[in-house]
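As structure tokens, one chain now follows by itself in the form predicted on its own.
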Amino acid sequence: MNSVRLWYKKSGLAVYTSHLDMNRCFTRAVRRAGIPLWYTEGFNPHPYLTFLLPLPLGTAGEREPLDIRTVEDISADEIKKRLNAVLPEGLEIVDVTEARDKANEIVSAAYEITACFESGEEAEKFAGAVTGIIGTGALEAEKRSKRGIKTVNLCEFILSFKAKADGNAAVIHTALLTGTQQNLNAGLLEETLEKAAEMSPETLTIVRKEIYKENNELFA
């Protein structure tokens, strides 16, 4: 049995696919691709697929990890080729590697948030406003956890934050605590910033760019 880590890209309309449907989609894809998967034992065996850090609905990802186990030797290039031939539009395998790091080692993630407005002046105003808000060190929001809903300071989950205008868009690059212990949804951050700045963009895209371990090391 071999542990294999698939790195996939999620974009376009696929960002509105729920985690449950993603599980179903990849389960069908590996079967159609003829990947020799290992199946769990027990009364209801199913193929081993583990999404290490599921994406929130509406968020795109450029390099997302998904673990599978195979019962036969099959090359990384062959797995990539077979899966990309059967995956739907918006989902793409960008790399196939050994499963090195463990999910509990994930600490943070880098995001790019693009908020488009009617004019460059509005984009400039929004970028300045959210930079000032984060600079105060206080941005409260209601956050859901296993213990229920509580009010938290989102700034405590932000490792870095930079916003600038680019034409009619305000582009935010931010690194957020992301993992099993502490986690901030980039969508919640953007929603809270819009309320605080009293501005709403015409369109919004959120992309998770990279996933990190401690000391800003790339998760592998």
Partner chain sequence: MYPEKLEKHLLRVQKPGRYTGGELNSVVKDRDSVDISYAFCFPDTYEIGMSHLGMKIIYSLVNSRDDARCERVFAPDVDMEEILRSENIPLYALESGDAVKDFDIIGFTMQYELSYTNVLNMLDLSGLPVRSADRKGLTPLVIAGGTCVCNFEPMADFVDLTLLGDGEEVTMELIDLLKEYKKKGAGKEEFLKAAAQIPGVYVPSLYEVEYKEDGTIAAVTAKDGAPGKAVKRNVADLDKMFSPETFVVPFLETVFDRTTVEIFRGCIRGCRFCQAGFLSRPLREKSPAEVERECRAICDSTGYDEISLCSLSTSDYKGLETLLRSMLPWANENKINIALPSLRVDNFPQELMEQLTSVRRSGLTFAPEAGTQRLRDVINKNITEKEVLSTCAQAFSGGWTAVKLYFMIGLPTETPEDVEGIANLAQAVVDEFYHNENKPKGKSVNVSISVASFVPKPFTPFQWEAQDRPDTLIEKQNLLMQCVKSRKITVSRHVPHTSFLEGVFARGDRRLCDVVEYAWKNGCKFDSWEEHLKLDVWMQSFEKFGIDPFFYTARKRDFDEILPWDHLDFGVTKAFLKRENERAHEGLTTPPCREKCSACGAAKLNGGVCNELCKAVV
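Numbering follows the first chain given and starts at 1. None of the values given here were measured: they were computed from a predicted structure.
Quick note: we don't show the form predicted together with its partner chain, though the next part is all about it.
Of the heavy atoms in residue 194, some are within 4.5 Å of its partner chain in the model of the complex.
Although the partner is absent from this view, residue 106 stays clear of its partner chain in the model of the complex, with no non-hydrogen atom inside 4.5 angstroms. Its partner chain in the model of the complex is not approached by residue 134, whose heavy atoms all lie more than 4.5 angstroms from it. By the criterion of a heavy atom within 4.5 Å, residue 151 is excluded from the residues contacting its partner chain in the model of the complex. The candidate spot formed by 17, 25 and 86 is fully in contact with its partner chain in the model of the complex: every one of the three has a heavy atom within 4.5 Å. Shown alone, this chain has one stretch from 156-164, 174-182, 26-34, 62-70 that lies within 4.5 Å of its partner chain in the model of the complex by heavy atoms: 26-34.
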